[in-house]
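Only one chain is included here, represented as structure tokens and corresponding to the form predicted on its own.
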Amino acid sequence: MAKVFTANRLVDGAVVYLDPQGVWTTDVLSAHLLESDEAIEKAEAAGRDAVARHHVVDAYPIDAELRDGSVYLTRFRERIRAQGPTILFGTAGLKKKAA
């Protein structure tokens, strides 16, 4: 199964993904879909390097696939990390619910 490499950016805790240029991005649709063991090993090395440099924490591969030309995260937990909560909450949620 293909993988995407994810982590949390150390400065603000944002969920980030490794893109094809080796840059961490918050846009999951820009994530590099890793389809070979060699590509996954290269991303793991980039993740270890970014952790050592204190750019990100907890870098790890997640299952993903290509659907309709876009990266699709196969685990529900990872889709929540990428897109946010599945329920309305807090003052923003109350305002949206009242509208």
Partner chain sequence: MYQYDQYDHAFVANRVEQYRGQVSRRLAGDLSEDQFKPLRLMNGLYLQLHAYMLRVAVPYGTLSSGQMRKLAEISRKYDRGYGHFTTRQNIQFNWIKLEQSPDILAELASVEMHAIQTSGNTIRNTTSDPFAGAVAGEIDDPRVWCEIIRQWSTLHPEFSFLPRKFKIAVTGSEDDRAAIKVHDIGLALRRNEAGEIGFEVLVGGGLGRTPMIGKTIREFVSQRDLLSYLEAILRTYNLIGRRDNKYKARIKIMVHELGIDEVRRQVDAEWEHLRNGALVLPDEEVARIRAFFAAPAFETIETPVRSYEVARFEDQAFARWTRTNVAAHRQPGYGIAVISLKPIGGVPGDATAEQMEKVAELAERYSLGEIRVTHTQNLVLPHVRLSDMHSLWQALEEAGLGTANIGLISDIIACPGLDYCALANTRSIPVAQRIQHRVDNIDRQHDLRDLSVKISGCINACGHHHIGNIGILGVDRRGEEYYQITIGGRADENARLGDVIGPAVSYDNVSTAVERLLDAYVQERKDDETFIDTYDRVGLKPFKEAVYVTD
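Residue numbers count along the first chain shown, from 1. Fair warning: this is a prediction, and the values are worked out from it, not measured in the lab.
Below: the form predicted together with its partner chain, not depicted.
**Q** Taking a heavy atom within 4.5 Å as contact, would all three of R9, A14 and G84 count as contacting its partner chain in the predicted complex?
**A** Answer is yes for this spot.
**Q** Residue-level contact is defined here as any heavy atom of the residue lying within 4.5 Å of its partner chain in the predicted complex; does L94 satisfy this criterion?
**A** Output for L94 is yes: heavy atoms within 4.5 Å of its partner chain.
**Q** Taking heavy atoms only, is G90 within 4.5 angstroms of its partner chain in the predicted complex?
**A** G90: yes, in contact with its partner chain in the predicted complex.
**Q** Does its partner chain come within 4.5 Å of any heavy atom of E41 in the predicted complex?
**A** No.
**Q** Does R67 reach its partner chain in the predicted complex, with heavy atoms at most 4.5 Å apart?
**A** Result no; R67 lies far from its partner chain in the predicted complex.
**Q** Does anything in 34-66 come within 4.5 Å of its partner chain in the predicted complex by heavy atoms, and if so which residues, in order?
**A** H54, V57, D58, in sequence order.
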